[in-house]
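Next up, structure tokens for two forms of one chain, structure 1 and then structure 2.
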Structure 1
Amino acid sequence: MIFSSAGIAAAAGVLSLLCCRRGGLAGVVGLAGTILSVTAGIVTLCTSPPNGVSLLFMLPTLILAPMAAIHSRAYIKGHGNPGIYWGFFNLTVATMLALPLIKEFLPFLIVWELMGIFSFVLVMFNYKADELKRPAWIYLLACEAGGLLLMLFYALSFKSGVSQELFYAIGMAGFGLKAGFPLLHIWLPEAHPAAPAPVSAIMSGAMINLGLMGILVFVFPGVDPALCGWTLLILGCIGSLGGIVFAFAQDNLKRVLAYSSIENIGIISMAVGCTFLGGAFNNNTMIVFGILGSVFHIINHALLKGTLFLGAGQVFCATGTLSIDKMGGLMKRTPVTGSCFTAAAVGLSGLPPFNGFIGELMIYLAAFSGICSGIVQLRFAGIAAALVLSLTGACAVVAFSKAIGGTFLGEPRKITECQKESPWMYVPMLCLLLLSVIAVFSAPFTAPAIIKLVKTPGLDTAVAGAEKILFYAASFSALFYILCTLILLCRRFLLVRGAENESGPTWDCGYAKPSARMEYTGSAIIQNLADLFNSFLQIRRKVDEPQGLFPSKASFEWESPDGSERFFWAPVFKFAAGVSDKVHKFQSGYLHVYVLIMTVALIAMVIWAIVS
């Protein structure tokens, strides 16, 4: 019964693969398959909830899969072969639904690598573009490297005399590759812009958490909690700060969202780190707040990031580009998408009225209970967590205001014509937003259920406290909505008696005819902050100043490629290529050299045989 949802999804996948000749049928089968499998999943969860952490990690997939399916019905029109898309879409969803339910490691590893392969096919769906080769390759390498490390992790459990740290490090690296830990995240900003928007919505909303789930279920049981807590905390801090700083420096809308996924997974691992640290020093409030923080943040991130990526998909379909500096003024042409995108972005940067804040509040409280606990280790962890969380929150505000300002607000810059938004695309966004609003108000009631799920004893007092806090937070969000409507109403009816509002061009301090080129682009908004962080960002600028009295042309281009890829991975791969070039010299084509090598090797082996 448990694997029914995964089974249905897989069957639907295979079915739509078979009828990939007739696109329409494949689309219907695929969509129906996803929705059927998700309902089956929800039914199984309600009737016989599997215990432990896995239930939680199924939730994001169950939420996002149908939404992405509805969105992709309109998204892939005219892109590629719908049969293949729907087939592998359902197969990926099937693997993601099955993974949390598998307990032993070997089947888990097999389904894990299958998930990598199926999602790889989705990532390279519009294979026609030449620049898609590199992201697809990098994504496949990340999946395979993760798989190999996990194979090694499985193998190490059989070997005796293996140090605990090595065993732990390889497990962390294997799952960290999928979860996007600091140095292992380079595939995320490459794969997400390349993949179709609904796929990248599922990948960043649900698939990344499975990496973290893998760590919790398979790597941590044997290791002492303080070590796990500290590693996750430090990785989380570096990941979130690094992720968000790179996020606001990107020009491609989906790269901004990809880096913000890295930041959010950093925050989630910080929360889990606080939980383990709390557990190590048995500080109950920290455990409860840590658990609630990570659970809420996972769900909220899935909801809000899903909306953002679907919004980005709609923007791509409407304008054909994702470069923030080229777009603008989309709020007027695609109002619903624009508003949903803005709401979700505000929510994801942790600001109150939306559910993003609930998660962040819980993590802050976990940090603060660490600070107030008086244990030196916990205090420093709490200070670090709180400080990093606030800095990332502020930078997230910068990144998302750039994304919203650049794409949706103001006048359209280079891209002037844009298609109408199709209901298939913005209806899922509205549902996800609705769910996130419901999440805010349902938080106090779901909190005790979540804590009961984790089944650690003696947390009930702290849970009561948490419930009260959540109730307050939800009520103040409601208060914000009420106040806004109140002010709007009174402005609408009480104040304005007879004075009508006219409209005219923006008063630009006397400029007669302001044009779109005078507008502040996305990269201009963050230029000050980018200079502040330049030693970390290392932005690559290409400037040719205007020469001569009457300069004919001048251009300024800048891009901020991924730091760890430029300074760590690229040199490693270059070194390997260098070595292989030298090794290639041996196959020089001369028969004499070959026979000489053979005789020398033979003599060496004979001498070794005689000697040993």
Structure 2
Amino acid sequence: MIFSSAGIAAAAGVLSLLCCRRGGLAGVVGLAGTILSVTAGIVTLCTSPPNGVSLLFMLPTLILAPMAAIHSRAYIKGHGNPGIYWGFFNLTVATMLALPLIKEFLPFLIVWELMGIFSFVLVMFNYKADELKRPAWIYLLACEAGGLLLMLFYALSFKSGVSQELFYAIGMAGFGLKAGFPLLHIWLPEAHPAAPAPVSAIMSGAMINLGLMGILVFVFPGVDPALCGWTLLILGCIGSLGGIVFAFAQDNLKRVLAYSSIENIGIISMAVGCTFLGGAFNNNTMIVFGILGSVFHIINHALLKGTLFLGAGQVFCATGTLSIDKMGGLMKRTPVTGSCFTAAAVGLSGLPPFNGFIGELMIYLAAFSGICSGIVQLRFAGIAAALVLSLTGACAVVAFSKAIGGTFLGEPRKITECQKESPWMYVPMLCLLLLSVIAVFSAPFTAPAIIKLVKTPGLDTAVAGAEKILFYAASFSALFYILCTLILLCRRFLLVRGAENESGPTWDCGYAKPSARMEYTGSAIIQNLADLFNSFLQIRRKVDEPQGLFPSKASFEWESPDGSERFFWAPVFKFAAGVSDKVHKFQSGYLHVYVLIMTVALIAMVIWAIVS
């Protein structure tokens, strides 16, 4: 029954492709198919839910797919063939719904490859733009590289005598390419700015989680829990802090969000790592808080990052650009989008009283329980997780302060014209924010159900403590929301009663006629922090300094190339290119040379067969 959800999405995708020449009909079929598919999935989950892992990793797709589909209704107008978009959008959703339900590796691998191909078409949807071709091909190469590693992983599972460390590393690398682990995240900051915003929302909020799911289902069974825990904890610490540091050095709004996705998958990995370490050393409190932290943060990231990417899509449609330094003043012109983006950014930074705080609070408590356990290994792991999580949270505040301040606050800079907000775009954002508020107040009630899915005995005492803490956190959030509502009502009451609302010029710092050119840009907001991390970021600056007493122009641009590309992938491809140049010399064009090479290769294989 539960596969009917994926089947409906797949059928809607095929029908949309058949309606390529009738864009309006394709849009209706695509949107209706997504909503019917999600409805069928939710009904089936309520009547006959699958196991815990499948349920957890299906939820982000079920939440984000209809919101992204509604947003797409307005976003793709004038951007390409609607039939192609809706066809591959629904096919991608179908594969994402099917993957958590497949327990055999070979069919899982086939659907995994289809998901990569379908989503590649969506990333390359605006194929006529030359600047989008390179990111799309990088994404395809990452998908195929991950697929090849998983094929090797599957082949080695039938061969005896294979090193378990090698087997484990290949599986981690294959799924880690999709999850965006350190060094393997190269496609994330490239594909997200290129893809349509609704596609980025489901890829970031739901698809990258499937890489972690593959690790939990196919790689970790039978492996020492301590090894699993340390692996995820170390990868999570590096990915979360490294991702957010690179985020605040970006000017492209969606590129900031892409690096934030690397940060958040790192936070989830840290939480899962704490869970495995708690299991390895029989620390029930660490297990419970680690499970709750990882589950809550997976859902919170889907809700909040989905809101942010959809907001970035509205910004792009309104202004035609994603450059933070070129925008400004959008809060007055797109107030709903600006308010939703700000609320989601605050929540994803882990600040109370939003739902992002609930998830990170559980991870902090898992770390503190490890510190207080008296076991050296858990104490070290807890200190590392708590320190990295606190630094990551501080850097996230900086990154989103830049994104909000540079995009929505102040006065318009270079982009002075702005289209009106579309309800098709901001209603899904409001729905996701409403769900995030519901997630805060439902946390104390959903926590026991989440722990029951794990089916680990002896956790009742720790679960009771977690429920009490979540109840206090939800109560604090409720008081905050009530206070904010009372303040807004009082302000509204005063305005209705005729209170004077005067306006005047702002303090001009001595300038007789201040202009938008004098205000801080997003780059200026984080300049000092960027200089602090410059040895790591390697920022490239292009400065046109003002000249004379009354300069007519001045400009400042910078870019921070990805660290994994600079330190790892560029040397690897440079070496591969050098080897290819050497091998190219054998392509002489003479048949007898090729025959000689084949003969030598056959003789070598025969000798190898005899010796082995």
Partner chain sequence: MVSMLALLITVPMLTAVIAAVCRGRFCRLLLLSGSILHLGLALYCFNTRIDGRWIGLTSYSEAILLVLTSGLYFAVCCYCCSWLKAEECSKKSLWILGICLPLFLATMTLVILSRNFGVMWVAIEATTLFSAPLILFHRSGRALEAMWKYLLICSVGIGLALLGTLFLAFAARMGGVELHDLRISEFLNIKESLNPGWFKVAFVLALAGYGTKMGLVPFHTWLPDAHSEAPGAVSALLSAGLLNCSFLGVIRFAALAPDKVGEFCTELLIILGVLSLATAAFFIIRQGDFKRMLAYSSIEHMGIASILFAVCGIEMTMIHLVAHSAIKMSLFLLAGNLLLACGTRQISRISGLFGVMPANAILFLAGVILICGVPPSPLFFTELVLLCQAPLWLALLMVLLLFMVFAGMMKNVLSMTMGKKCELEIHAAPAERLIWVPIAGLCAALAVGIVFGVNL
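All residue numbers here refer to structure 1's sequence, counted from 1. Take the two forms, superpose them, and find the largest set of C-alpha atoms that agree within 1.5 Å; that set is the rigid core. A quick note: this is a predicted structure, and the numbers were derived from the prediction, not measured.
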Only one of these is the form predicted in complex with the partner chain, so let me know which.
1
Does A554 move appreciably between structures 1 and 2, meaning a CA displacement of 2 Å or more on the superposed rigid core?
yes
Just checking, between structures 1 and 2 and with the core aligned, does K542 shift 2 Å or more at the CA?
yes
Using a rigid core alignment, state whether the CA of V14 is displaced by 2 Å or more between structures 1 and 2.
no
I need the CA movement of I597 between structures 1 and 2 once the rigid core is aligned, reported in Å.
7.5
